[in-house]
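Look below for two forms of one protein chain, each set out as structure tokens: first structure 1, then structure 2.
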Structure 1
């Protein structure tokens, strides 16, 4: 299946790039997403061309994030001049930077007087590699807690619980009562399947207990008491407290969680901000019944959200770098970021847009998200993060299924992750 997908990706990009030969001064922009997102990008591209006279050709990527990454890697490894500019998941930026595939932006920023203070500090945490600016944020994500405000109120809660202990008590109480009406009602839905989203969830649990991925002087620490406790708690949510469904570790990704919550099948949901607009749609059972809050934390810790989102960069191999930067600047401009928020519900990479009154009137939840984004936890800014993540996905999921104890799972994960680091450092 993987081989067939890879062949499709290679074929897709070969056809796309072949079609771009002879485009002259045009800028090629690789972007994926849902059909409505691509449609809006086409409108933005046409607007940019009207303003500047610079033609932009969209290279449409697959919707699947992993396939989008594979497609870009194939092109960049080959040193192709197209695409000139593209969107990257936040977790790819360091890898692309370490591979020297990205054009440094510092000189362009100075020349165009682009003020980096208008952006979140994510620019310094994620978009720099070896003191060079290599990308800018377009869309910011972070894990948040969705909750049924109508049910909390009905059962005597004025606010969602702040600690995981209080959270379990609340979920158990309401789940027990709701199951008299809806037998398949659950207290808490989250992403536990074996993929990158599981690592994001685990980081939030672990960091809210003072743990996480500890890197120091080429050594990685995962098998920490704080991490073991967090992973045990994740297991208990499914198997002991049973407030999360048994298919959490086999099937639950973002959309499976979102759809179930939107049907009215759960009290709490951990998801990304994209789910907000969908929960408020006309066909949503929970429309008008949902609110958001920071994720809970362990008694001795604090709320933590894993940073996600998409960043824009320019290929080192681009043959239209100056024009590509003009397009990049257009994408991260106040006007475009505001349009992406209003039309697509995207969370702007610019923090100044969160003070826009029209945006706040249409998207009032952004006021709460701003503080979450300011304190979001990025995944390790490592060129080999993808390999580390794959190790974590395997062992965390094995612990959730009960195949390994949390301590054994993290011990093995630590050993294999250390081997990844050693292999990379020998190169």
Structure 2
């Protein structure tokens, strides 16, 4: 008995000590995303190790951006040396910058001769904090409309609808016919669960009606007639027209939407560009049957996509900073960015890849998206944006579930968001 306990105690210390020693010479890289994305990162990491002899350990994160952020915040708040390097949602780069969790990259960039002009101007808009460069863009996202071109054609439509009014008519008509063959067929899938993706979707509906998040001199405006109308429309998609499924506000995030559309269960889908490559994969039911278009808009508004995307940065607490920078440089290199575009359908953060002949030939839809990307609407680039977003997530979702009317939901959201700003400004 005594002997057994002793062995247990010794092995406990051995394991704990190994844990304290960290990852030694290796670089740890935290990244999440759809399963095919993680698989691809694994390949890339192996290639990097072959080229440089530097080992990289992948810390797998979930797909949901809020969960990815929380995972990183726990390590960074505790000043842990791992992960050394990670991807950050454009929505939280400002928070990480202001928290001083990121290693400034300027000196490394100079030393390694990296040319910042190769990247989109987003570098200057998002990746700087107090004039120091804290991150670089890996890929840029914007919300787009995926549609079944085969079904539109079959039902007599030559183009996807441009206004939300025409969109509802078209979805209702096709859904009704398709239900005869597929009882669970829906007109439109989008992200309505309570998380960051919901705010991105709401912003698109609201801004396509001339609304959005209005921030001026420390005052926030959310309860605007244009925003109320857009939120009412989102509610109607689920409960009145019933062209979006009832689990839209409980379950629908990017992957739920993507998988259901890919199974052939819907006519329209709102998603990010990553879904394109997956829809075209060998085992996809919708392969060759899909096309993309800008999102529809309200009659008096114009199409708006939320600007998304992911940026790479190095932890200030990393104990392997120069190796981590070598990895960062590899990720934003022309060759890797081209691979990410070709294999994952991502829109590179580097401008020069868009002129690549092979990329242009194999991804003709990138050219179609150019104006969508150029006009994409950023979320407020504020250190406390994620707190405002949490307020919005809660109230928009409450309106979608019917717990609150759109007007009450937005007026409460406005009040609480104003308190977030006050609290932050008092600090």
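Numbering follows the first chain given and starts at 1. The shown structure was predicted, so the numbers you read here are calculated from the model rather than taken from an experiment. Here, rigid core means the biggest group of C-alpha atoms that superpose within 1.5 Å across both forms.
The form predicted together with alpha-D-glucopyranose (GLC) corresponds to structure 2; structure 1 is the other form.
Two rigid parts rotate between the two structures; their hinge, judged among 113, 158, 364, 288, coincides with 364. Each of the two rigid parts keeps its shape between the two structures, while the smaller one turns against the larger by 21°, per C-alpha superposition.
On rigid-core superposition between the two structures, the C-alpha of residue 352 is found to move 3.8 angstrom. Core-based alignment between the two structures gives a C-alpha movement of 6.4 Å at residue 79.
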